[in-house]
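Presented as structure tokens, the chain that follows is alone, the form predicted alone.
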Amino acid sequence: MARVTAGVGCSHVPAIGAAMDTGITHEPYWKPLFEGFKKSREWMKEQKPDVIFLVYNDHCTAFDASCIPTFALGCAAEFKPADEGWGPRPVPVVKNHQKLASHIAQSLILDEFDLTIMNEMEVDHGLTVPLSVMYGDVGPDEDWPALVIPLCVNVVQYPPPTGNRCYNLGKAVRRAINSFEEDLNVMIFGTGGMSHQLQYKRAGLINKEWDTKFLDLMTEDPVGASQISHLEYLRETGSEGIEMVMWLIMRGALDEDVTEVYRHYHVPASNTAVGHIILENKT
């Protein structure tokens, strides 16, 4: 049977991908950030997931104001990196586990979660940057070491889903994966955040104390984290901090009692707080 073994929370700052793509990760500004992912890359090599279920948000590449699904599941055979204005990132095409993706789609919809099924979609930095920081430099002529099932969540246009809805969706994803007959090691990524605001008077906002508390809740009290309101995210973490509800899908897919393997927190990275955590199921 397929099984969920671990979860990864990770920011997806576009400048991180640009730093890797242009070969400047050794420079003083970027070196401390990337040093913090060395252990994570070693852990990925040890874990060898067959499939990554990756929760992210689109940044007006696959979707725009004409169509904004709350939850969109990628069911295509592959997903090409999107051109976000300066050409696609030089990373591999993302290849899907279509049978598992289709199984998850059916299971979630019958479990009363309304999904948009995407049979054609390009993926932007929200998805490719977490893969890059966890796997390192992987060229466009290579393959990502794991198959990837994308789940795109609307955290761009109001209203986004609540943390509680995302947490319960994660539980439903876990049920779907557990009922798939193929023997697969599946890992869940929740991406985005942490505290940041990109515009107006609070541009550059970073709330380290709140971010640290959120990381603690990911390990110790996911139910408490699921009850954080939209207003608190906005007040404490800036207008883009709402992206952290996507971490709750990852957390909902894990056991309530987990082992925290590693965490990394760094500021700044392009006026953004970068957060990262690795959680393993104990069973």
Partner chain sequence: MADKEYDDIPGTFVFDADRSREGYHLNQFCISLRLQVNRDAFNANENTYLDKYPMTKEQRDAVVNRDWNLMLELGGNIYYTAKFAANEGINFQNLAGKMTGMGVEAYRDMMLGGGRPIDGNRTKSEWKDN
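Residue numbers count along the first chain shown, from 1. Please read all numbers here as calculations on a predicted model, not as lab measurements.
The same protein also has a form predicted together with its partner chain, omitted here; what follows describes it.
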In the model of the complex, the one of V148, A176, V153, A82 near its partner chain [non-hydrogen atom within 4.5 angstroms]: A82
Work out which of K48, H26, R235, R41 lies within 4.5 Å of its partner chain in the model of the complex, going by heavy atoms. R235
Should K99 be counted as a contact of its partner chain in the model of the complex, where contact means heavy atoms within 4.5 Å? no
Looking in the model of the complex, any heavy atom of T61 within 4.5 Å of its partner chain? yes
Flag S239 as yes or no: does it have a non-hydrogen atom within 4.5 angstroms of any non-hydrogen atom of its partner chain in the model of the complex? yes
Is Q157 part of the interface with its partner chain in the model of the complex - any heavy atom within 4.5 Å? yes
Report the stretch among 63 to 71, 250 to 258, 216 to 224, 48 to 56 that approaches its partner chain in the model of the complex to within 4.5 Å, counting heavy atoms only. 63 to 71
Under the 4.5 Å heavy atom criterion, name the residues of 245 to 283 that approach its partner chain in the model of the complex, in sequence order. V267, P268, S270, N271, T272
